[in-house]
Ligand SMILES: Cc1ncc(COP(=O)(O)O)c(C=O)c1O
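So this first bit is one chain, no partners, the form predicted on its own, shown in structure tokens.
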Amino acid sequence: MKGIRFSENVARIDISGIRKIFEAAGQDAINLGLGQPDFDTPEHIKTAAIKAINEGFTGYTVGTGIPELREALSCKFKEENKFSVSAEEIIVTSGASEALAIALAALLNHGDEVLISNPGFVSYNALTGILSGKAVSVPLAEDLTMKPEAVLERITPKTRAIILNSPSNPTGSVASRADIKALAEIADDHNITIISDEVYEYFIYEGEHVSPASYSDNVITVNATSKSYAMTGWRLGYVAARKDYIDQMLKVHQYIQACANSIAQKAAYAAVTGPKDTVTEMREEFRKRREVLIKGLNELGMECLPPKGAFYAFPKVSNSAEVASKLISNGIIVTPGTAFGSEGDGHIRISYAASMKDIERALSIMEKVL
């Protein structure tokens, strides 16, 4: 049988290191590898979805998303994120993953460069490569944030976008207002687009969440209900930007997705317009787990900056792959830092979106085996 020729863009990337570990994990393992809140979706959100099903709201929706959800998101951006977009400048997507993909697809030609933090979330490099772009690594500062000076050093005539993720996965770092303002000014000065991934915006323990779109309109803002409302499996995201961006992204969205899940859109409307007490409860519980985990790691001699946001710790270790493998073989699932880029070597990512009981059990096992 003759060999099939596959896309070089796809063939050169690997399966996600996070998904690989998640799908190989045993049922009895303590899973500190996955970025998924261990809370159930709030009742009022599930009720809205059940109501949609019972009322037969199960067909296609308009491609950009149901109008009431986009109006609610428009209000959310104005009130919470301090920038204005109309409902017509929002597309509801199948998770933040699709939002990232259509944003990059709308921007990149062959060989165009995207500045990406190293370490950074696994999808950024992979999606850039799939779309024929070139990922350019930006090493992080000591506080594990992307600095404007480091970005400026790496801008070339081929630079089309900067991906900013604050609070960050995998480091849990939170960029300062001054740095975000400076990055927005760089985008304007060089006619570059910032793609701002803000899925962890509600999970901040120190500092503040700042949207770069509050300083520049050369920004595509990506978000989702996944983390904020414990809706990871609902696959409901959204993207906001000025109209010329939206017009191009909508073309890609229509051909690869048509529209987001109708029932999930009704659920998301209930989430965005409903009470936020469950969000606050999750954040405060994550704060407690964070304190226990960081204290435990430091007592084990694992140097770890206290994460200011998200729900990940990124401690230093002697050898990422070796330590991760040893922990996994002892029933603790963590992610080697190398999954997030070359600069992630010497770290592991530990998710504290797991129960306090599991975190304490994991620390006890780590004390014995490391």
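Quantities reported herein were computed from a predicted structural model and do not represent experimental measurements. Start at 1 with the first residue shown and count on from there.
Not pictured, yet referred to below: the form predicted in complex with the ligand.
A heavy atom within 4.5 Å of the ligand in the predicted bound form is found for exactly one of His209, Arg235, Lys134, Arg283: Arg235. Of the residues given (Val199, Ala241, Ala260, Ile194), Val199 alone sits with a heavy atom within 4.5 Å of the ligand in the predicted bound form. Across the options 224 to 232, 245 to 253, 176 to 184, 81 to 89, residues that bring heavy atoms within 4.5 Å of the ligand in the predicted bound form belong to 224 to 232. Within 4.5 Å of the ligand in the predicted bound form, a heavy atom is found for every one of Gly35, Gly95 and Phe121. The ligand is not drawn, but in the predicted bound form it has no heavy atom within 4.5 Å of Ala270.
Not displayed here, the ligand is approached by Leu100 to within 4.5 Å at the level of heavy atoms in the predicted bound form.
For the chain shown alone, Asn218 is not a contact residue for the ligand in the predicted bound form, no non-hydrogen atom being within 4.5 angstroms. Thr128 falls outside the set of residues with a heavy atom inside 4.5 Å of the ligand in the predicted bound form.
Within 4.5 angstroms of the ligand in the predicted bound form, the stretch 155 to 171 places a non-hydrogen atom from each of Asn165, Asn169, taken in sequence order.
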